[in-house]
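The chain below stands alone and is given in structure tokens; this is the form predicted on its own.
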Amino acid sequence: MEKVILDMDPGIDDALALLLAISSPEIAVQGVTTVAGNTTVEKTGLNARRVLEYVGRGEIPVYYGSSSPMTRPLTTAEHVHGLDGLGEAKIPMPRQLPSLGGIQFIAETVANNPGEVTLIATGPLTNVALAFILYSRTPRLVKRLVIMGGAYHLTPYGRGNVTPLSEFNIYTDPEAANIVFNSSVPLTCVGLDISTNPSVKINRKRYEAIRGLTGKKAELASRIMKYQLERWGEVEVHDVLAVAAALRPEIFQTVEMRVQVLTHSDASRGATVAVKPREGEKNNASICTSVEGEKFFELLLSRLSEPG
């Protein structure tokens, strides 16, 4: 069983990713660290606890991480996720509050389990970058890092969703992303190149399939997805794909690339420029370029149907 830390900013699709992770017997979630992104870190921490307690997994610890990007003011996305970050679905507030020290938790868990911990990061990379800077051994001790982030322009869908070039998580804290991409960590990237492909979106038919399941996980998933489904007719499940890539790499295709993150304060901010490594250069990222959409949805559906 693989040890996993989830670093996230719940967020509707982060909450769905959390449900998939805790429903998967292949992995043991060591804890959740939250970061400011889709909404404030106070709300993202509470939202992680709301999800876990609602489905009876309150024993999984949740830690607050960074409340802002490394050098920039925070810009949130409540217009996408609702004012509470969970689609305004009226999920009960948690009985237990998150703990402080998310960055330290990442570093200490990795140090105590060298080569055994996978990080799955589905928000801005602030917490991960700070763990790498403040605890310099961390990148070498992580088994692998799977992120949801970037628009690599390797498929017809690989365009930005904040600017034409930039995806939200990378755009929010490009300096943190630059640190992570230039570290030694084995890195797999799930970006908009696959997460905006219609084959993986939750359309009305797929939504009804989830809504027809029994159990608290499926009920919670359908409640929080309703907000986006009613507004746009579909739900983009970016972050769920990052968890799926850790669980089922065989249904994804990847290419090895050298990625540079642009940190300028202009139209190119947060762009992830992917090129084939030149002679003598090493790649620094394995980028997902396709996924078998039906197999992905079958995985999600089967896990949400599980009672435990």
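A residue's number is simply how far along the shown sequence it sits, counting from 1. Keep in mind that what you see is a predicted model, and the values were worked out from it rather than measured.
We do not show the form predicted in complex with ligand RIB, though everything after this point is about it.
Among residues of the shown chain, M148 is one whose heavy atoms approach ligand RIB to within 4.5 Å in the predicted complex. Among residues of the shown chain, T122 is one whose heavy atoms approach ligand RIB to within 4.5 Å in the predicted complex. Among residues of the shown chain, N161 is one whose heavy atoms approach ligand RIB to within 4.5 Å in the predicted complex. In the predicted complex, ligand RIB lies within 4.5 Å of some heavy atom of N169. Of the candidates I210, L192, M225, V200, L192 is the one whose heavy atoms come within 4.5 Å of ligand RIB in the predicted complex; the others do not. Stretch-level contact check against ligand RIB in the predicted complex with heavy atoms at 4.5 Å: of 260-268, 56-64, 26-34, 238-246, the positive one is 238-246.
Along 4-22, residues D9, D13, D14 each place a heavy atom within 4.5 Å of ligand RIB in the predicted complex.
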